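Take a look at this one chain, the form predicted alone, written out in structure tokens.
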């Protein structure tokens, strides 16, 4: 018989890994509730036209695309924003603004597998639609800070930029929108020479090169340098002002913004304003990122709607926790295994198991038919707290034997007092 392996870029999560991922998912949900975001669940499979509309060349080339049995071209979602934008023009169209929407689940991209990068991975996604004010942009940054703080991660920092600065310069120099997107795609991959080759005007190339060299100093110093440098480029100047205001709002609440980077670009075409990423020293890939996209809703037939969003790589956050040796909360409910001494006592033992489960106790029932010694040995290996031994003599007195597997002590307990005993 062949030995099957996972498909390349996919992986199994063993219990400890699954526990960490579920912990991070739980913290993402808690964050959504703290900030007033309502959860929606969208399909894993969407029309290719929807997902490719404004995702960018890099994402389009890495989608899992196939034909369904109706000969329609569909794809596995590579991210959530397109699905949420679709929802905002249909089922959520009449909802009052601002609309705050949260999603969590797996997404798919045909990337080259490496540490922290898989072809199937988990994201939490937050979208705020209806506000073009800088406090909405700051909220995306601040909720990301709240999420990472809640997981116990340390030393993470934010990098912020503004697509509007570069687009403002390119637009005033009459560079076509499609060429602008191609330039930003190459800048996102730090292929600056290739990006400059797409610019015909020497003045524009010079302006962009100078902008990219504005580094060093504090985030506020860099933001001020950007503002001074783009004087005369009206749209770029307005974008620089917007960046400064967002930076002030985010840092006022103690968010650790480390750098403002004028050359910063992200791989999605739909961004129109502020963009950001968050990193930890242990990983060379971002734990999350997002930005403003004010024209995407129109692409899907909706009204002009300003919006900002952020996605968090939950697998990467879990990996960063592992690398930083971040411990999960240790507080947990006690666990028990219920063992009938004789086969004819199974029904009574199952009844006791169900009573404990209905009270919220995690109970394993001895289903292997092992002798008492082996069953206790197995429970001890798996760090179960208590063994509840159901014997004929004890049952006649409405009692069971409870063994504390850590202390190797046992007592006879009335079934009516069993829950109290286990939860001590």
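Positions refer to the first chain, counted from 1. Fair warning: this is a prediction, and the values are worked out from it, not measured in the lab.
Although it is not shown, the form predicted together with another copy of the chain is what the next lines describe.
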With the partner removed from view, which of 152-160, 85-93, 227-235, 270-278 is the stretch that lies within 4.5 Å of another copy of the chain in the model of the complex, judged by heavy atom distances? 85-93
Looking at 322, 253, 174, 206 here, can you tell me which has any non-hydrogen atom within 4.5 angstroms of another copy of the chain in the model of the complex? 253
Just to be sure I understand the contacts: of 198, 249, 283, 341, which is the one whose heavy atoms reach within 4.5 angstroms of another copy of the chain in the model of the complex? 249
Taking the shortest heavy atom distance, is residue 327 within 4.5 Å of another copy of the chain in the model of the complex? no
So, in the model of the complex, is residue 315 in contact with another copy of the chain at a 4.5 angstroms heavy atom limit? no
I'd like to check something about residue 39: if you look in the model of the complex, is any of its heavy atoms closer than or equal to 4.5 Å to a heavy atom of another copy of the chain? yes
So, in the model of the complex, is residue 47 in contact with another copy of the chain at a 4.5 angstroms heavy atom limit? yes
Just give me the residues of 367-385, first to last, that have a heavy atom within 4.5 Å of another copy of the chain in the model of the complex. 367, 368, 369, 370, 378, 382
